[in-house]
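One chain follows as structure tokens, the form predicted alone.
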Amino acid sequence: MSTNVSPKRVGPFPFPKSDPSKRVKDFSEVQQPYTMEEVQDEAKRCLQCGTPVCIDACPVQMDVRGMCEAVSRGDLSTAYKRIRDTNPLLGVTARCCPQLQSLCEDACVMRWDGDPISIGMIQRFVADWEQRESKQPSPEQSKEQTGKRVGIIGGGPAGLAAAELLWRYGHAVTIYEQFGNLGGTAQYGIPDFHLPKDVLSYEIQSISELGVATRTGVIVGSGISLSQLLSDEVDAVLITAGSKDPVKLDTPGIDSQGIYDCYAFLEAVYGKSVVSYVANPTCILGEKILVIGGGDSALDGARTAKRLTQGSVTVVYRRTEKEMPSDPIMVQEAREEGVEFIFLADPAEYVSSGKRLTKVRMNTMELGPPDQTGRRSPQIVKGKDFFMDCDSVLLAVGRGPNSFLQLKEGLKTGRKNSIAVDDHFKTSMRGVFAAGDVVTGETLVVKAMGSGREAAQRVHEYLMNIEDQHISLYETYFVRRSYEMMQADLEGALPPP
């Protein structure tokens, strides 16, 4: 490593945060931005690697290296152009990507002997600058319209990313969304303190302004079938319906009053606005709240409940902290806000007085041999059960793919009723493709976007009858974007379109 490059990132690691004693009383954003001086100093730490593994690790091949080069010299317009080329949700992913967990910052070579480049913070600065200070030109559409029409079922991150790419290829694109707003999990499931909704709304509006049409309140499979859609309105369909089906448990007492699905709770709080929810709450949480689960949604639910009640909130997870699938940064922030954790415990019975939940009998667990996922299986320690008093429980034990459409239309399914697709994202129905969480199960926003973009590429090739000329987005945006091309600012010569 060059001796003139600081091994430590600018500011506190992993990023500046607001005071936990203050933020737990409202829903203001936890992550705090860099100043212009700080973001330039941080960008200057980038080594401009000849083989930028940070881009390789990004599911949408965002030009991290080019962004840092431009920001380091204060050229925010060029920085924005370079990263907006493949990422239509810059401000969203800057905040929602767990960059240190198998993504860009985890791959940064600076991590070998210090702190990785704060890619997310630099990206956020550029995105916020464009939104609040200097509106930049949108990516250009192909000069020739194809005359082809594409329907995208589901307006979450995968659908939005796919719609933008298909529009750029010159297709007419319509998103069919069952809810009133686009955004999917980013809109209904990610807390405001993690992702301010004005950021999401701005970037969705920017996609709409390109010319992507939207029809909300439409449930394909109810009122209009896939075959009708293909016959009357579009030439191809891409299903990006996301994850929705909650895991069903049969724990004794599971139907007691006071037990809520955590995902439904988050949708209720953030679906319209926190103010609207507080005026008409749908969950009676009380003062002692247990959250069952160890993923990001469990942490989001716990921190949301803490803000709403200022009561006692405890996350209960059946494995150890080391095995938690949630972002460790979220665990740290939750602890700062007063959320407690109990590990190696799992509900054995929900106990109620009348119909109202009053306590949970917990099994003590221990870790056994690895299961099919590679993680050590939790096993009950007999005779070590114990009780925990509570007023309510939020269940965050996983969601499966949204199964409504595939079961309704008879599409071939895979694990947990996911939509089965081939290597070209094709389903069992001609002209119908699928991508994102409805295929893979729950995943990260940026990974859903990457899947949506890859599927959109295949839809384009299908519509144009060029399936034997497949363009690899990885090849286009990672391998071919050499340092020399970046220096000459020739990004505009790269497809699409």
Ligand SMILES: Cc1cc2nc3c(=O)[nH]c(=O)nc-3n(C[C@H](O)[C@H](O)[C@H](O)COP(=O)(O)OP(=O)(O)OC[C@H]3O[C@@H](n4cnc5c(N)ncnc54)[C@H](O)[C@@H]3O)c2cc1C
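These figures come from a predicted structure and were not determined experimentally. Note that residue numbering begins at 1 and tracks the sequence as displayed.
Only in words, not in the display: the form predicted in complex with the named molecule, which the text now covers.
Verify the contact flag for Thr86: yes if a non-hydrogen atom of it lies within 4.5 Å of a non-hydrogen atom of the named molecule in the predicted bound form, no if not. Thr86 lies outside the contact set for the named molecule.
Using 4.5 Å between non-hydrogen atoms, is Pro347 touching the named molecule in the predicted bound form? Heavy-atom contact with the named molecule at 4.5 Å: absent for Pro347.
Is Val60 close enough to touch the named molecule in the predicted bound form, meaning at least one heavy atom pair within 4.5 Å? Outside the cut-off, so no.
Quick check on Ile153: any heavy atom within 4.5 Å of the named molecule in the predicted bound form? Flag for Ile153 set to yes.
Answer range among 166-174, 333-341, 212-220, 313-321 for contact with the named molecule, defined in the predicted bound form as heavy atoms within 4.5 Å: Contact-bearing stretch, as computed: 212-220.
Answer option from Ser206, Thr427, Asn402, Ser392, heavy atom within 4.5 Å of the named molecule in the predicted bound form: Checked against the cut-off, the match is Asn402.
Contact assignment for the named molecule in the predicted bound form, among Val397, Ala186, Val421, Ala94, heavy atom within 4.5 Å: Only one option qualifies, and that one is Ala186.
Any residue of 251-278 that, in the predicted bound form, places a heavy atom within 4.5 Å of the named molecule: Read in sequence order, the residues that approach the named molecule (within 4.5 Å, in the predicted bound form) are Tyr263, Leu266.
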